[in-house]
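Before any questions on binding or motion, here is one chain by itself as structure tokens, the form predicted alone.
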């Protein structure tokens, strides 16, 4: 078609839009700051709600981007980005200049840095880990403590860095609850003799088969769900983790010793996205993700004509929603370039 589209970000959304645009016939340049594409998908073991292997989705994404003539630039960031008349001039970290007819921003998200919640002891106590750390253990095929022993009692804290006025994140990250349920089941699969406790404010299982997975965790795997906010964690003399929590359903405070504590880190606007917003003049919303022009019928559109959004750079989404949002971005680009031909 003689039109060049630059896609910024090579995660799930970026790969989907690049593959679909290239298949249609556009010239596509895909810019990824890391050494490989795939984003957070590379770090995940299995996916909710059906717990399929993440590698299956990665194979699909690799398939739609293979042999389509996409100009892939890894280990590359954007240094300058501005509109000039009817096109965009993009300067990369390698000093390369790209001229684009349209741009799709797919910079994804970063996990909340759990060390900011000092009361939970991440980075202070050895056996306090994040949900991402636990996925790495699943991928290695073992769950163990720092002394290489097997944990018997594991606690999972929901909403770490989400719905939290103290850290300035008022929004729900949407996927922490179902991730906790999935991981609780996987812990019991790896360690059948273990006891797993989930501490939550309220369960938000708003997705297909999420509620069923929640019931399975309780009825089949014996996971205990305790409605209450964990106030702090400390380490005992025998290297156990002591947590204090109020059970709001029972109306009483609890103290519990655990071997391992897992923090369900929420989602935040990525550092790469913040940089693009600054240099490109793109608006962000109250939640600091990119702000679309309309939440109902313009979720892919930015405040700059010719710049579109795809995926979790706009809000927390699961992989299914991310791929759908990316496909919608492709349609928006086609309509824009058709009208500006």
Partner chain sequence: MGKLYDLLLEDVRFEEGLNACMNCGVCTAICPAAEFYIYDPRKIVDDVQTKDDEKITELLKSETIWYCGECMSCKTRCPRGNAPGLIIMALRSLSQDLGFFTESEKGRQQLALKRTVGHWMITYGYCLYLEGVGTSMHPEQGPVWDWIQDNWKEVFKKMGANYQGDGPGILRRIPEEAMDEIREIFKVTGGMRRFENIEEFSKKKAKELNMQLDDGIENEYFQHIYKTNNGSHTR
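Source: prediction; values computed, not measured. Numbering follows the first chain given and starts at 1.
Note that the form predicted in complex with its partner chain isn't included here; everything after this is about it.
The three marked residues, 43, 54 and 110, fail to reach its partner chain in the predicted bound form, with no heavy atom of any inside 4.5 Å. Of the candidates 259, 133, 216, 246, 246 is the one whose heavy atoms come within 4.5 Å of its partner chain in the predicted bound form; the others do not. This chain appears without its partner; in the predicted bound form, the one residue of 86, 232, 75, 152 with a heavy atom within 4.5 Å of its partner chain is 232. In the predicted bound form, its partner chain stays beyond 4.5 Å of every heavy atom belonging to residue 95. Shown alone here, residue 79 lies farther than 4.5 Å from its partner chain in the predicted bound form, counting heavy atoms only.
Heavy atoms of residue 139 never reach within 4.5 Å of its partner chain in the predicted bound form, leaving it off the interface. Its partner chain in the predicted bound form is approached by residue 165, whose closest heavy atom lies within 4.5 angstroms of it. Partner contacts here mean any heavy atom within 4.5 Å of its partner chain in the predicted bound form, and among 97 to 105, 222 to 230, 261 to 269, 178 to 186 they occur only in 222 to 230. Of the residues in 107 to 137, only 119 comes within 4.5 Å of its partner chain in the predicted bound form through at least one heavy atom.
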